[in-house]
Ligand SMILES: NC(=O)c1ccc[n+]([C@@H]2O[C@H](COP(=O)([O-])OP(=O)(O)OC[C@H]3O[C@@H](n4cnc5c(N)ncnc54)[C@H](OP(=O)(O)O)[C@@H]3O)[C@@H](O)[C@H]2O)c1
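Presented below, as structure tokens, is a lone chain in the form predicted alone.
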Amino acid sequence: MKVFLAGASGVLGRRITWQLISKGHSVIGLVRSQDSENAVRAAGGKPRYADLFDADSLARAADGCDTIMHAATAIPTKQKPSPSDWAMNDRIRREGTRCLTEAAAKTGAKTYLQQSIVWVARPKDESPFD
């Protein structure tokens, strides 16, 4: 399998890249900086530059891949993030997702995979969820 991975240089993406390569697959990792390029190479992937918010550039970068995988995020690391700290993550999840799905259609990828997240907060009284 040949996978195009958005978010390949991140915490989750580096692990996904390594795991896929260890199973004999090839990974093309979306990058946007020299540091990202180095991280993708170190994990065993092949970096390709593209803009997550431009479906055409994503389709060019993903050309020849049969799977497109979305693991890109920008989750704030502050202990108490403000709503504006979430702006890029929200944009990635909305616009980036739309562009990646368009790129998958343009390239004829057989599979599109997307990571997701669920936040759970225990009630103040520490009671279990029902």
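Numbers follow the displayed sequence, beginning with 1. Please read all numbers here as calculations on a predicted model, not as lab measurements.
Missing here is the form predicted in complex with this ligand; even so, the following discussion is about that form.
Enquirer: Classify A42 as contacting or not contacting this ligand in the predicted complex by the rule of any non-hydrogen atom within 4.5 angstroms, answering yes or no.
Expert: The answer is no: A42 has no heavy atom within 4.5 Å of this ligand.
Enquirer: At 4.5 Å between heavy atoms, is T111 in contact with this ligand in the predicted complex?
Expert: Contact check for T111: no, nothing within 4.5 Å of this ligand in the predicted complex.
Enquirer: Even though the partner isn't displayed, in the predicted complex is Q19 close enough to this ligand, meaning a heavy atom within 4.5 Å?
Expert: Result no; Q19 lies far from this ligand in the predicted complex.
Enquirer: Contact between A71 and this ligand in the predicted complex at 4.5 Å, heavy atoms?
Expert: Contact with this ligand, yes.
Enquirer: Sort through S36, T101, S57, T67 and report the residue having a heavy atom within 4.5 Å of this ligand in the predicted complex.
Expert: Here the answer is residue option S36.
Enquirer: Taking this ligand in the predicted complex, would L30, F53 and I92 all count as contacting it (heavy atom within 4.5 Å)?
Expert: Every residue of the spot touches this ligand in the predicted complex.
Enquirer: What residues in 6-24 sit within 4.5 Å of this ligand in the predicted complex, counting heavy atoms only?
Expert: G7, A8, S9, G10, V11, L12, G13, in sequence order.
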